[in-house]
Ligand SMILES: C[S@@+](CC[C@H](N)C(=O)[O-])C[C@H]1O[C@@H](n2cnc3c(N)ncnc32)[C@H](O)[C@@H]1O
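So this first bit is one chain, no partners, the form predicted alone, shown in C-alpha cells.
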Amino acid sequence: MEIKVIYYKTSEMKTKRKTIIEIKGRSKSMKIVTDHVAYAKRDQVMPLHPENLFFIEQIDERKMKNASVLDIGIGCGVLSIAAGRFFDAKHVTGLEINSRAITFVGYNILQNGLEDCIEIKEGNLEEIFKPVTGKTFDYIIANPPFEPTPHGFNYYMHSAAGVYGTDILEKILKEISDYMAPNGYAQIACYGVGNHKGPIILQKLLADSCGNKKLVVNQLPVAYPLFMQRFAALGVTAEELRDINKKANNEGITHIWLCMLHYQHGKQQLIITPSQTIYQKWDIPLDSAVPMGCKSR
C-alpha cells in the first residue's frame, strides 16, 4: 500500500498548536487533526509519527475487512479511521484514557464520516481490557505508550512506559488472547530495546509469552543513550541519565528498535523479520525536526 502524507499548516493552526495531516492511499484519503509538537503538556494528543505509517502499511487487509476491531489507545484516531476508510472494517471500538484525545478523535471521526463505524470508550490504564469485558474482537490494534521513560518522570500520557518501554505492552500481552475471536488477529506497535543486533529484550519477552507471533523490525536503530538524552531538556539530571545508561549498558542494552508485533492464536513461537520499508528519523514526529518535548538549540 502506498501512502502519501500532506500537511496543512496555517498561522491560526500554529497559534493553536494543532496540525492537520491528510493521508492518501488506495484512491482514498483521510484527514487527521492532532496536536503539534509545540503543545508540550502531559495531555498532548500524540503527533503523527513514522510508526503510524508503518502500522497502516502492515495491516492485514484480508483480516481487517468486515472485522470487529478494538483499538487500544486510539489517540487522535488515525489507525481506527484508516481501518474504516482504507480497509473496510465493520466496526471499531476505541479505548482512550486522555480526555483531550477523546475530543480530538470525536472531531476526526466526524470529519471523515465514520460516526456510524467508530465508537469511543473511556480506557483503563491499570486494567486495559476492563471497558470491553466479556467481548471478543476479530482484529485488535494498539499503538500504546512504549517510550523508554525515566522512573517516576511525569511524561506524556501517550508515551510513558517505564525505563525499557514495555510496561503497557506486558499488560496487554497478559490478557489479549482472551479478547480475540477464535480466528482473531492482533497488531501492536512497540519499541524494542536491545543491542546493535536487534531488540533482544523484547524478543525474550515475546518468546516467553503464549501465541503465534511475528515481530517486524525496522532496520535502523537509535542508540539508547542518544534517545534518553532528550530527557535532559525536560529536567532529568545528568547524574540520573548516567545511572540509567549505566544500568542499561550493564544489561546489554545499547540500542532501541522500532517494531511491529503481529499476534494470533496458535503454537507458541516467535518469527523475526525485517521491515520492507526502512523508516528514517522514526523517533520524531512527521511534522517536526526535534523529538517531542525537546527544544531546538
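Worth saying up front: this structure is predicted, and the values here are computed from it rather than measured. In case it trips you up, residue 1 is the first one in the sequence shown, and so on.
Quick note: we don't show the form predicted in complex with the ligand, though the next part is all about it.
Residue in contact with the ligand in the model of the complex (any heavy atom within 4.5 Å), chosen from Cys259, Leu70, Ala67, Met46: Met46. The contact residue chosen from Leu169, Leu202, Val78, Ile140 relative to the ligand in the model of the complex is Val78, the criterion being a non-hydrogen atom within 4.5 angstroms. Note that among 215 to 223, 132 to 140, 157 to 165, 82 to 90, the stretch whose heavy atoms approach the ligand to within 4.5 Å in the model of the complex is 157 to 165.
In the model of the complex, the ligand sits beyond 4.5 Å of every heavy atom of Gly211.
Interface membership of Ala207, defined by any non-hydrogen atom within 4.5 Å of the ligand in the model of the complex, is ruled out.
At a distance threshold of 4.5 angstroms between non-hydrogen atoms, Ala181 is out of contact with the ligand in the model of the complex. The shortest heavy atom separation between Asn124 and the ligand in the model of the complex is within 4.5 Å. Residues are counted as partner-facing when one of their heavy atoms sits within 4.5 Å of the ligand in the model of the complex; in 127 to 147 these are Ile128, Asn143, Pro144, Pro145, in sequence order.
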